[in-house]
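The chain below stands alone, shown as structure tokens; this is the form predicted on its own.
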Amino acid sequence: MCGVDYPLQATITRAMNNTTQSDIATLSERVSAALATARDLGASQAEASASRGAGLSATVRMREVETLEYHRDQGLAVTVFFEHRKGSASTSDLDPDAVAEAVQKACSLAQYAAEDEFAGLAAAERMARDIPDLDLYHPWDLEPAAAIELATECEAAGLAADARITNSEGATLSTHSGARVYGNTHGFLAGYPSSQHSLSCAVLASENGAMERDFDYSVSRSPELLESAGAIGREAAVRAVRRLGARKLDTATVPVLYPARLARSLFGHFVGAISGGNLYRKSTFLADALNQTVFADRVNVAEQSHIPGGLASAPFDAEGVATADRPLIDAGVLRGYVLGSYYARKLGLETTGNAGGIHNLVVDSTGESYDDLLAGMDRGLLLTELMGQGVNTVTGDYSRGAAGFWVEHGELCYPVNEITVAGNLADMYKQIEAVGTDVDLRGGIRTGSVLVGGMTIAGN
């Protein structure tokens, strides 16, 4: 292996079927071969990642099968370093000859690359050594007929829920499972399997010539944890019907309640603002904000990388760096950034194990239920939908199209649409009055509903 050994080699094998075990073995062989070829061709460092997966997707619309797809994907990506010159290549063909050719292409490209003193692998001492089983793999041996039946049941429940449900955008069931292996010339080689399944439904309600759309969905690593098909369809219908009769609003400055499924977007903008590239380019309103107060003092946010079955859980990041739990916001104060090794070096810092993204961002509740948050609003807006991409990470300016419900004295008065919610994230974060107990687990950001004081609602 040209001097490349694998003292850190580890693979999670719990509950894997023979096919997946074989996939991980094959992927490990291809990654090892790629690294050996890179060494043979003179690379000072190299890394490779290989994956293989398969899945099924079925969509039913107006009780008819619209699409039925089986998909199988695989690929290998390799990056080589000749001191501070970098080259990358990828292939969807895992044949040994194709892998060798991809490595040769990467090495050839590196010869023409400009030197970058910050290029290279993450530090060897940061590689993951203990690879925990995070309960990420629950394959679903689902036949096409069964997938169609579940999607049909989901949509049928939505269509039957109310006479005002007159059309459908369909119900879709998707299932996918596979495996990933990563290795580098530090001697790290590890892989694990994962799965993800989802069921969704979107329906349209109409009354007096007006039409409204809404949806519901469920997603999980395990099929047993998905919401029932009927419950998803009925909830989609309830949401759509509630939006009928929407009015416009006069412009006002009032509190805005982000329900849990929309609140995660607020923290998604936060993650972008403290990520390496934006920090290095100073293209973020949170540049140089470490150890400063950036949220209301009631807000605590942490990365919890090893939540069993978490949709963003991972034992190591895209560079093999061990993931770990850590605080990001402590009583409103920013305590950490989101960095991979490249931008960490550019900033004179160390990687935070976030090459490839965040691993389960968890926002602590301040103790109030959703009903408590709603009841505490004198006059305000409950959001049901956000539209557009009107968020400027550089300045923090925030302006998005929206729909929702006007609230008075803690009661929903009437649905509203054709409005814009606006503010600045720097102010909005400090104006968070409460985070609810109704945590939404359907993503990599886990938060309850969030009440933000003093936002501008632009309407008539």
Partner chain sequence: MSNNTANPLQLAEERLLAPAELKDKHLDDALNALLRGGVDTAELYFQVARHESWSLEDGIVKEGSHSVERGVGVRAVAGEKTGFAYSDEIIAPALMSASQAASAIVRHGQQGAVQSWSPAGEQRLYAAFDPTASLPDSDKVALLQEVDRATRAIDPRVKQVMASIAGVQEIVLVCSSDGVYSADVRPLVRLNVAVIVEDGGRREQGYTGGGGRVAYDYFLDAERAIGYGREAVRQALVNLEAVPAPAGETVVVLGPGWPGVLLHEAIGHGLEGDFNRKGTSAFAGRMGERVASELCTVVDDGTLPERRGSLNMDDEGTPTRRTTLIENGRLVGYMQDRLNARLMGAEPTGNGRRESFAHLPLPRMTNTYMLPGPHEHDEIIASVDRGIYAHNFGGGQVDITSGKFVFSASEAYLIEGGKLGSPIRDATLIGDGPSVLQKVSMVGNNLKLDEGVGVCGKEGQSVPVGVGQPTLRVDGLTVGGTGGG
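Residue numbers count along the first chain shown, from 1. Small disclaimer: the values here were computed from a predicted structure and weren't measured.
In what follows, reference is made to the form predicted in complex with its partner chain, a form of this protein that is not presented.
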*asked:* At 4.5 Å by heavy atoms, is each residue in Glu143, Arg298 and Leu347 next to its partner chain in the model of the complex?
replied: no
_Proximity to its partner chain in the model of the complex, single hit among Leu204, Ala318, Val294, Ala314 (heavy atom within 4.5 Å)_ = Leu204
*From the list Tyr370, Phe82, Tyr217, Tyr342, which entry has a heavy atom within 4.5 Å of its partner chain in the model of the complex?*
Tyr342
*Can Thr185 be called a contact residue for its partner chain in the model of the complex at 4.5 Å between heavy atoms?*
no
*Taking heavy atoms and a 4.5 Å cut-off, does Thr395 contact its partner chain in the model of the complex?*
yes
*asked:* Just checking whether Ser168 would be counted as a contact of its partner chain in the model of the complex - the rule being heavy atoms within 4.5 angstroms.
replied: yes
*Can you check whether Ala163 is within 4.5 Å of its partner chain in the model of the complex, heavy atom basis?*
no
_Tell me which stretch of 431-439, 418-426, 405-413, 28-36 has a heavy atom within 4.5 angstroms of its partner chain in the model of the complex._
418-426
*Relative to its partner chain in the model of the complex, which residues of 53-91 have a heavy atom no more than 4.5 Å away?*
Arg61, Glu64, Val65, Glu66, Thr67, Leu68, Glu69, Tyr70, His71, Arg72, Asp73, Gln74, Lys86, Gly87, Ser88, Ala89, Ser90, Thr91
